[in-house]
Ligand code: HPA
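The chain below stands alone and is given as structure tokens, in the form predicted alone.
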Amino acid sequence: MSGHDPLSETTDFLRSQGFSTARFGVILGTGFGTCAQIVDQKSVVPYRSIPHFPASTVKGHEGNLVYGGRDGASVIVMQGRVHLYEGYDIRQIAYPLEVMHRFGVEVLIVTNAAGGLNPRYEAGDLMAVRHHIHPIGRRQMGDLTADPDDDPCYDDALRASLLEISIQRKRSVQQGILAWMPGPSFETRAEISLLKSLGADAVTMSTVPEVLAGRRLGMRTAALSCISNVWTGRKGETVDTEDVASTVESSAGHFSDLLVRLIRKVHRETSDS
């Protein structure tokens, strides 16, 4: 493989492991790892084995790239992700999206654990992202923020399909604005006040850089947050990382059902057209 660019080395290696063309890409965040089981897993490769691929270092992120199928559709699943606060730069975070794009991924579905800022939310709720804000750490985003802010990142049709499926399954899904913060510390009271004043319904330390990278690559994107806890404003309020993971895990079955049905619906619609 000498003389190849890094992206070619990565994709050539993955092809040797059984990866092939895929239309759907899925990124599973904290607590969502078991959702990788929804695909018929033809190949599972640890990130650390993949040339030039960033490896997850955070608990709750299994760190596997999965290639498989579901209802006739081919899917690449990231079982865990990497974050800026792990020491990676924005290009390294975007790299897995470039790999997916090389394999033909057109539809991207991203998940995360998020702290609820909207008092109407409850822990365990799922929230379909309508829009995002990133008022802090913008410089760390690099050239991913060079496009106009009004350039849509989240596909309206995909979100509408998610909501339609949730109604059919009689499991409600919220809609809201997601704020991104660089982490690794949970937000201070002052930061939470700022985010709420800007209209944020939930806050996370991931997703937005990946979504911006996907937009650059022309992917249709949907993002779903699991509300792991809800900010009440009580003095001394804290967030426990173990509680965050367990709350998301309790909602993983609901998300898996939505994901299966969304992939099936989109695949059938595009196959019939």
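When you see a residue number, it is the position in the sequence shown, counting from 1. Keep in mind the model is a prediction, meaning the values are calculated, not measured.
Omitted from view is the form predicted in complex with ligand HPA, to which the following refers.
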{"item": "Full three-residue contact with ligand HPA in the model of the complex, heavy atom 4.5 Å, for 14, 53 and 64", "value": "no"}
{"item": "In the model of the complex, the one of 110, 100, 113, 77 near ligand HPA [non-hydrogen atom within 4.5 angstroms]", "value": "113"}
{"item": "In the model of the complex, the one of 35, 58, 45, 244 near ligand HPA [non-hydrogen atom within 4.5 angstroms]", "value": "244"}
{"item": "Proximity to ligand HPA in the model of the complex (heavy atom, within 4.5 Å), stretch among 221 to 229, 45 to 53, 208 to 216, 66 to 74", "value": "221 to 229"}
{"item": "Contact of residue 203 with ligand HPA in the model of the complex (heavy atom, 4.5 Å)", "value": "yes"}
{"item": "Heavy atom of residue 187 within 4.5 Å of ligand HPA in the model of the complex", "value": "yes"}
